[in-house]
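One chain follows as C-alpha cells, the form predicted alone.
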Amino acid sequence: MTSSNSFKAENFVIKKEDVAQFLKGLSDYTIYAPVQEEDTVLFKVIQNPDKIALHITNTVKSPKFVVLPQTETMLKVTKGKENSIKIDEPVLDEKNILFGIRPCDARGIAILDKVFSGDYKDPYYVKRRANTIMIGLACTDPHRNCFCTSVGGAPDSTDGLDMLWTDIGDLYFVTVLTKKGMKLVKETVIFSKATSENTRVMNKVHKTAHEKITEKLNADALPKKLENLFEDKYWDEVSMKCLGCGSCTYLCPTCYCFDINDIEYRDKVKRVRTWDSCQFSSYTIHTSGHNPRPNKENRMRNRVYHKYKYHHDNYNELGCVGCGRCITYCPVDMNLKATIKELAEK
C-alpha cells in the first residue's frame, strides 16, 4: 500500500492561492486536514479549506484514526421475531483524503500496513486503507522533539504517500508518487509541470530541513542491545515517574493495540473494537487473574522492546517514526530520546 515501484514519480507545482479550489473540486471524497481550535490542532473533516492549518509542524493526535478508528463497530447482531437473528457488518465504501499529513505520520500508517495487511489481513483496515489517499506535506521547520532521521525517516520521506507537497514560497512543489495521486492531478488543470528552478528550490528546502534536525540517535543499535537488557535494573529507574496514563501510546502513529467487546442493549449486540494500551495495568490481566506485567517497569520495558526490538524482529524496521509526540505531551516529561541514548550506550 506504499508507493508503487512500477509508477514513475512526476513533479508539478500549484499556486497557494489555488489550493482551496483544488480541494473544493474533490467533492467525491471526505477530506481530513489539520484544523486549529484555540491552542489545539487536530485532523478533522473539513468543509471550508480556509480553515486548514498547514503552518503547524504536527497535530496533537496522529491521523491514523482514519484507517484505524479509535472506536469502531465491527458488526451488529439483532434479535428478531421467533428468535431470528440478523447480522449487519459495516459498509466501508467512504473515500477519504488525508491532506497535509506529515511524513512521520505517513510512515506510521505504512508501518501499520505491514501489521494489518500482511500475512493476516484485517478486512476493516484493508478496506479503509485502500479507500484513502494520502497527500503529505514535507516538514520545513521540524519540531525540537523530532528525531525522524534517527529511525529511518526524513522531513521529506515519501513512505506511504500518494503525493508529497513542499512549501517553496508562493507555490507548493508537488511530487506525485502513485496512480491514485496522479488521478487527482489529471482531474484538474490547476497543476503545472515543475521547472528546473522549482526543483532547485525544493531541494534546498529539503536540505535545510534535514540540517535543522541536529540530534543523531543510535537507534539502530537497539535491536541488538536489547537482547541482553531484559532483566536490567534500568527499567526500574526509567519508569519511576511514569503515571501509566497511556498518552504516549494513544498519540503514537504506530501503536495498534486494541480490545474487542460485545455490548448488549435490549435485543441488540454490538461488537466494538477500541484502542488499548500496553501501559494500562489491566492490559495483560488473564482470565485467571494473573498479570504477567504487574508493575509499570514491566510495561515500560514492553513498550520500548516492542518499538525497538520485537517490531524490528518481525518486519525488519523499527516501530517508531520519531515524531516526538510521546515526549512533547508526556505529563511528567519522560524523554524517549534520552532513553534511546542511554540504552544505546549500555
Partner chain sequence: MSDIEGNIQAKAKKLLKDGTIKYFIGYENGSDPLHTTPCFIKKAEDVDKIVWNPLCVNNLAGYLTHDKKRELKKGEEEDKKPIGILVKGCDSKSLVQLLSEHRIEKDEVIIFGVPCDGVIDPKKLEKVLKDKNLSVNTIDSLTIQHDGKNYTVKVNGKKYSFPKDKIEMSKCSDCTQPNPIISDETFGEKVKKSDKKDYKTVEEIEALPLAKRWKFWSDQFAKCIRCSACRNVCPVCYCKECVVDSADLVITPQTTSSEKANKMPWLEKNVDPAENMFFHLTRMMHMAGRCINCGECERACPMNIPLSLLTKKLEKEVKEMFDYEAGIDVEAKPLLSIFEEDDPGDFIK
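All values derive from a computational prediction rather than experimental measurement. Residue numbers count along the first chain shown, from 1.
One more form of this protein, predicted in complex with its partner chain, exists but is not displayed; see below.
**Q** Consider the chain as shown here, without its partner, and state which of 94, 187, 220, 237 has a heavy atom within 4.5 Å of its partner chain in the predicted bound form.
**A** Contact with its partner chain in the predicted bound form is made by 237 alone.
**Q** Which one, 316, 27, 47, 288, lies within 4.5 Å of its partner chain in the predicted bound form by heavy atoms?
**A** Looking at 316, 27, 47, 288 one by one, just 288 meets the 4.5 Å heavy-atom criterion.
**Q** Taking its partner chain as it sits in the predicted bound form, is residue 265 in contact with it (heavy atom to heavy atom, 4.5 Å or less)?
**A** Close contact exists here: in the predicted bound form, residue 265 approaches its partner chain to within 4.5 Å, heavy atoms only.
**Q** At the 4.5 Å heavy atom threshold, is residue 191 in contact with its partner chain in the predicted bound form?
**A** Answer no; every heavy atom of residue 191 is more than 4.5 Å from its partner chain in the predicted bound form.
**Q** Residue-level question: is residue 306 within 4.5 Å of its partner chain in the predicted bound form, judged on heavy atoms?
**A** Judged by the heavy-atom cut-off of 4.5 Å, residue 306 is well away from its partner chain in the predicted bound form.
**Q** Just checking whether residue 9 would be counted as a contact of its partner chain in the predicted bound form - the rule being heavy atoms within 4.5 angstroms.
**A** Although its partner chain is absent here, residue 9 would stay clear of it in the predicted bound form, with no heavy atoms inside 4.5 Å.
**Q** Which one of these stretches, 80-88, 166-174, 238-246, 117-125, sits within 4.5 Å of its partner chain in the predicted bound form when only heavy atoms are counted?
**A** The contacting stretch is 238-246.
**Q** Tell me whether 54, 98 and 203, taken together, all sit within 4.5 Å of its partner chain in the predicted bound form, counting heavy atoms only.
**A** Not one of the three qualifies.
**Q** Taking its partner chain in the predicted bound form, which residues along 271-298 bring a heavy atom to within 4.5 Å of it?
**A** Those in contact are 272, 274, 276, 280, 281, 282, 285, 286, 287, 288, 289, 294, 295, 296, 297.
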